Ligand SMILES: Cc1cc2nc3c(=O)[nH]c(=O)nc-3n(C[C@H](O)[C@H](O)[C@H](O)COP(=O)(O)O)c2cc1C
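Just the one chain here, laid out as structure tokens, in the form predicted alone.
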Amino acid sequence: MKSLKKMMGGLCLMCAVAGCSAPAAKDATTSETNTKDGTNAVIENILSRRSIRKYLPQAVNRDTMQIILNCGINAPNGQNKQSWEVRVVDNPDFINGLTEVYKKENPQAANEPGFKNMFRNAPTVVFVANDGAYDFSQVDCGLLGGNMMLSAWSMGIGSCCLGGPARFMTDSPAAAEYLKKLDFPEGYKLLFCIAFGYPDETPAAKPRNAAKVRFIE
């Protein structure tokens, strides 16, 4: 049974890798992305994704994270500048040490039920920085982040895009040591973080305001 599970896991990873490579152009009438029951797997993944704020303690396997990162850097970006820098941290010493700094300046945070770390208790965190010299860089980074979160969800891994921890790290002198460890090049600024981990909750979908989207004749 274990060997079967391992083989299936390997097949899933191979499929995910293939999905993040540059595919040949397809005719608009093809239905290769449809599942056996007739639903479109890509659309189903997008519509079922949820922001996860409760995680199991184990970190995401690095081989799996590498697939997620590959999907991220294959996102569309202006002039192919790839105007992002990405750092992955699954070291508890880094996450917990930074959290202790955060708690000293925000003692009320530790009073939240189940609080373990400032990244929604996620065991793996991705830090994304943008190139301040390029005015489209924030959009590029957003597209990269979206690719990562959707690819993660397709493999059963939850995520949550976080702005608060990034602001704390860039604004608080006490966090400077940890920001320096991320080793971003000069001119790049930490824009957001993404928490990754195996979900420990199944949140319901929140309503979307369809009135904000219109066709203009």
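For every residue, the number given is its place in the sequence shown, counted from 1. Quick caveat, the model's predicted, so the values are computed rather than measured.
Beyond what is shown, the protein has a form predicted in complex with the named molecule; the following relates to that form.
- Mapping the unseen interface onto this chain, residue 53 counts among the residues with a heavy atom inside 4.5 Å of the named molecule in the predicted bound form.
- For the chain shown alone, residue 161 is a contact residue for the named molecule in the predicted bound form, at least one non-hydrogen atom being within 4.5 angstroms.
- In the predicted bound form, the named molecule lies farther than 4.5 Å from every heavy atom of residue 189.
- Of the candidate stretches 150-158, 168-176, 43-51, 57-65, only 43-51 contains residues with a heavy atom within 4.5 Å of the named molecule in the predicted bound form.
- For the partner-free chain shown, just 120 of 109-139 comes within 4.5 angstroms of the named molecule in the predicted bound form, judged by any non-hydrogen atom.
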